[in-house]
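Next up is one chain by itself, shown in structure tokens, the form predicted on its own.
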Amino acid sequence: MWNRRKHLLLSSLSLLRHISSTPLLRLHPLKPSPLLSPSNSFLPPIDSQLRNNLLDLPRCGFPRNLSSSNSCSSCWNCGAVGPTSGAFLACGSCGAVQPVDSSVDYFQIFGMKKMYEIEEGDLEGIYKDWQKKLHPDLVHSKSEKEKGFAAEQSARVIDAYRTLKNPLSRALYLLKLEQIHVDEEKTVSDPDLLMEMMEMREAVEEAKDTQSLYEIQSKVKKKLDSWSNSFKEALNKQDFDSAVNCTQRMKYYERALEEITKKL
């Protein structure tokens, strides 16, 4: 038995030496067959638009997702390639409204980085541009399919705008993107904060003029801004427990501002 195994082992080693010493075969490129030449009459002519579409196919090897926001997006109506980054809500070539892509977050819709600090002026400008492109008057003569796309896209843009414009809702949305759940109905058990809120409500109720309300409003805004900055720092450090704590306090100050606004 041992001799047989030894013989098999030696045979295998000999075969491996032979393979390693054998030069690699060189594969020469095949010469094109005359039968495959485009000049042959039996081949149908290729439309120029079709040829361009074929040449423009993504390298990923499968058809583009019509609702995707990456470089593999294309218009469902004319086939034009969408933007390489950002949201693909409406086609730049034919103006057709595209179906909603739920994988595109609110920051991508407005072409912004996913961060807490944003330029509200930029947000406002881009929002108005989207509203012009998705306005019902522009699609009233379109098909029911495109009207449906426009209604869905417009509703999503409005929700995205309102979410990102408000510091608290923007903070909560960023935590949501990080898969952090925040119970917005949870009350804070901090006695100092609760006492401060009670005193603030009393001051608002007892305010005799508008000037007094503006002074209280200014103080509350400073408190809200302070916790807003604390949230930004916690998020940058990925200290999500502290970030959640900040949003809970921001909620109290925002409600206080709403009460003051009602009396103004």
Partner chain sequence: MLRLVGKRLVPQTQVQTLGTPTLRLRRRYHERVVDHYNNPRNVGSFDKEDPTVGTGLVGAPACGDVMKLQIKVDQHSGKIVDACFKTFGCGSAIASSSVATEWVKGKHMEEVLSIKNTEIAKHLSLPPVKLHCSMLAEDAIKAAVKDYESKKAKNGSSDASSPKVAEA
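Just so you know, these numbers come straight off a predicted model, no measurement behind them. Residue numbers count along the first chain shown, from 1. Throughout, rigid core stands for the largest set of C-alpha atoms superposing within 1.5 Å between the two forms.
What follows is about the form predicted together with its partner chain, which we do not show.
Colleague: Select from the listed residues 144, 137, 119, 185 the one whose heavy atoms reach within 4.5 Å of its partner chain in the predicted bound form.
Modeller: Going through each option in turn, the one that passes is 185.
Colleague: Does residue 209 reach its partner chain in the predicted bound form, with heavy atoms at most 4.5 Å apart?
Modeller: Outside the cut-off, so no.
Colleague: Does any part of residue 237 reach within 4.5 Å of its partner chain in the predicted bound form? Heavy atoms only, please.
Modeller: Residue 237 lies outside the contact set for its partner chain.
Colleague: So in the predicted bound form, is its partner chain close enough to residue 155 to count as touching (4.5 Å, heavy atoms)?
Modeller: No, residue 155 stays farther than 4.5 Å from its partner chain in the predicted bound form.
Colleague: Is residue 189 close to its partner chain in the predicted bound form, meaning a heavy atom pair under 4.5 Å apart or at it?
Modeller: Contact check for residue 189: yes, within 4.5 Å of its partner chain in the predicted bound form.
Colleague: Residues 223, 227 and 230 are flagged as a possible site; in the predicted bound form, is every one of them within 4.5 Å of its partner chain by some non-hydrogen atom?
Modeller: No: none of 223, 227 and 230 comes within 4.5 Å of its partner chain in the predicted bound form.
Colleague: In the predicted bound form, which of 97-105, 177-185, 159-167, 126-134 comes within 4.5 Å of its partner chain (heavy atoms)?
Modeller: Heavy atoms within 4.5 Å of its partner chain in the predicted bound form occur in 177-185.
Colleague: Which residues, if any, of 218-253 lie within 4.5 Å of its partner chain in the predicted bound form when only heavy atoms count?
Modeller: 248, 251, 252 sit within 4.5 Å of the partner.
Colleague: Taking the rigid core as reference, does the Cα of residue 200 move 2 Å or more between this form and the one not shown?
Modeller: It does shift by 2 Å or more.
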